[in-house]
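Shown below, as structure tokens, is a lone chain in the form predicted alone; questions about how it binds or moves come after it.
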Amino acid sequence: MANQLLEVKSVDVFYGDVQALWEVSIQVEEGTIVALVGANGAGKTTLLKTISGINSAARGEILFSGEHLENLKPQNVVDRGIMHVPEGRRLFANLTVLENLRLGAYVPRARPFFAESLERSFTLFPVLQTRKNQKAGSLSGGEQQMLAIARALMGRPKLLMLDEPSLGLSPIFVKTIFELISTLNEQKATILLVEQNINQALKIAHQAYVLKTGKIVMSGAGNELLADEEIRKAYIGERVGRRQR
């Protein structure tokens, strides 16, 4: 039987009187990349925030290594090994690269491994080592995204959740970020990836879910969804169609 690290079961989420997620169910198997894709406003970020404890689920269950997360505060979710890299990176701009990384290792389970985790971060992101005394706000967009991911890795996550890691980056940095995600997975990291760059996300995902207006409308292996005519037409082929007019 597959080792399901994360199980979201029939989760409903509301913002006031407005329902944002409708009976959403996903599974993340340990050691895999799972992509959550869909148009802007589909509810992808809402789901990550709900898993993280920032939003509350009105109904349903969220299980992590078999333990219920629904009523936990965000800091308690982090303590259990879920690290969330939010859209927009949310770095401490006036702190140095090294200070941001040190904060990532603040959780008790990660503190004893600070030196080891720092060495790993600098190996994965050599540019961060050269800029370790530079303020985070002075980095380029791509470098800031690297720092945001490295800061999360300093917490030694069991599950790494990435929200739009390629958003706003140049094509060369987009390529770098997706290569990095694949490298992390090769090193046994389990990753839940939210991405509007559906083509790239499905190429590297073992499993994927398509969200549309708060509901899961399709799921399957990443390569299967990438080849699906409906997916390509709705999310990948639209620009191709416009060029052909």
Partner chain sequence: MNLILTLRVLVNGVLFGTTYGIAAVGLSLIFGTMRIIFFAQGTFIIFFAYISYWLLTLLGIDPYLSLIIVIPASMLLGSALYYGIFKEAAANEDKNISLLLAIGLMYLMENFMLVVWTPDPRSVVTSYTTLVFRPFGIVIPFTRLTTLFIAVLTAAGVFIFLKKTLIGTAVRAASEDVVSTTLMGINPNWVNAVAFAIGIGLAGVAGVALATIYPFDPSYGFIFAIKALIALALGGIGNVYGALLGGILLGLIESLGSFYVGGGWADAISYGVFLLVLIFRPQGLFGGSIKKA
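Numbering follows the first chain given and starts at 1. What you are looking at is a predicted structure, and each value in this text was computed from that prediction instead of being measured.
The same protein also has a form predicted together with the partner chain, omitted here; what follows describes it.
Visitor: Here the chain is shown alone; which of Arg111, Lys132, Arg120, Lys158 has a heavy atom within 4.5 Å of the partner chain in the predicted complex?
Guide: Partner contact (heavy atom, 4.5 Å) among the options: Arg111.
Visitor: Would you mind picking the one in Thr190, Ser52, Thr46, Gln207 that has a heavy atom within 4.5 Å of the partner chain in the predicted complex?
Guide: Comparing distances to the partner chain in the predicted complex, the residue within 4.5 Å is Ser52.
Visitor: Quick one: is Leu128 in contact with the partner chain in the predicted complex, heavy atoms, 4.5 Å cut-off?
Guide: Close contact is absent here: in the predicted complex, Leu128 is far from the partner chain, nothing within 4.5 Å, heavy atoms only.
Visitor: Although the partner isn't part of this model, could you tell me whether Gln75 comes within 4.5 Å of the partner chain in the predicted complex, counting any heavy atom of the residue?
Guide: Contact with the partner chain, yes.
Visitor: Although the partner chain is absent from this view, report whether Pro86 comes within 4.5 Å of it in the predicted complex, heavy atoms only.
Guide: Flag for Pro86 set to yes.
Visitor: Given that the partner chain is not shown alongside this chain, does Glu99 nevertheless sit within 4.5 Å of it in the predicted complex, heavy atom to heavy atom?
Guide: Judged by the heavy-atom cut-off of 4.5 Å, Glu99 is in contact with the partner chain in the predicted complex.
Visitor: Partner absent here, but in the predicted complex, which of 181 to 189, 52 to 60, 26 to 34, 216 to 224 has residues with a heavy atom within 4.5 Å of the partner chain?
Guide: Result for this chain: 52 to 60.
Visitor: With the distance limit set at 4.5 angstroms and only heavy atoms considered, check whether Leu6, Val11 and His68 all reach the partner chain in the predicted complex.
Guide: No, the candidate spot makes no contact with the partner chain.
Visitor: Going by heavy atoms, what in 94 to 122 lies within 4.5 angstroms of the partner chain in the predicted complex?
Guide: In sequence order, Asn94, Leu95, Glu99, Arg102, Leu103, Gly104, Tyr106, Val107, Arg111 come within 4.5 Å of the partner.
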